[in-house]
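In the block that follows, a single chain appears as structure tokens, in the form predicted alone.
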């Protein structure tokens, strides 16, 4: 019993430490410090903690940065699982909202621009955020084939690109393109028109 109470008492302190580390990193990025110059030592100094405190939570700065980006990104969307179309709209709308956040946040825009030239960080982000999302979308498409919502001869990997591609073009390549609320539905319905079973 005493052990549980002790664990509960320790958590707010550890959350406060994590928050000070994350806020320290965000502040340095806002102040224009390049990601490449943010060493664990510098982060620890800014947050007023020892390096060991950071390494207890994260294996290195890539993992720490990805964690911060995930925090800004919000949790992955909950899927209702009732229809392939509904789940695809939910997944694409999550990408749309991320695009909206990116446009309104100079900090996020700056971080993503720098990430492209930091292969280790880009790989960590890809493995931790992009690949799991891709697996979820492929799972939704496979279920669509099983349920008869998608033709059985459809190449699932290509179908994934057809659904996700237009949203990525709007959020990443065309910063002037509108990201209105009905966009996810319009993309899903346009692609489905060609991939649904006929008859």
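Small disclaimer: the values here were computed from a predicted structure and weren't measured. Positions refer to the first chain, counted from 1.
The form predicted in complex with a further copy of the same chain exists for this protein as well; it is not shown, and the discussion that follows is about that form.
Student: Do residue 190 and a further copy of the same chain come within 4.5 Å of each other in the model of the complex, heavy atoms counted?
Tutor: Yes, residue 190 sits close enough to a further copy of the same chain in the model of the complex that at least one of its heavy atoms falls within 4.5 Å.
Student: I'd like to know if residue 98 sits close to a further copy of the same chain in the model of the complex, meaning any non-hydrogen atom pair within 4.5 angstroms.
Tutor: Residue-level check for residue 98: no, no contact with a further copy of the same chain.
Student: Spell out, yes or no, whether the shortest heavy atom distance between residue 151 and a further copy of the same chain in the model of the complex is within 4.5 Å.
Tutor: Yes, residue 151 is a contact residue.
Student: Residue 183 versus a further copy of the same chain, in the model of the complex: is there a non-hydrogen atom within 4.5 Å?
Tutor: The answer is yes: residue 183 has a heavy atom within 4.5 Å of a further copy of the same chain.
Student: Could you work out which of 165, 50, 139, 32 is the residue within 4.5 angstroms of a further copy of the same chain in the model of the complex, going by heavy atoms?
Tutor: None of the others qualify; the residue that does is 165.
Student: Heavy atom within 4.5 Å of a further copy of the same chain in the model of the complex: which of 113, 80, 107, 127 fits that? Just give me the one.
Tutor: Partner contact (heavy atom, 4.5 Å) among the options: 113.
Student: Picking from 169-177, 63-71, 39-47, 22-30, which part of the chain touches a further copy of the same chain in the model of the complex when contact means heavy atoms within 4.5 Å?
Tutor: After filtering at 4.5 Å, what remains is 169-177.
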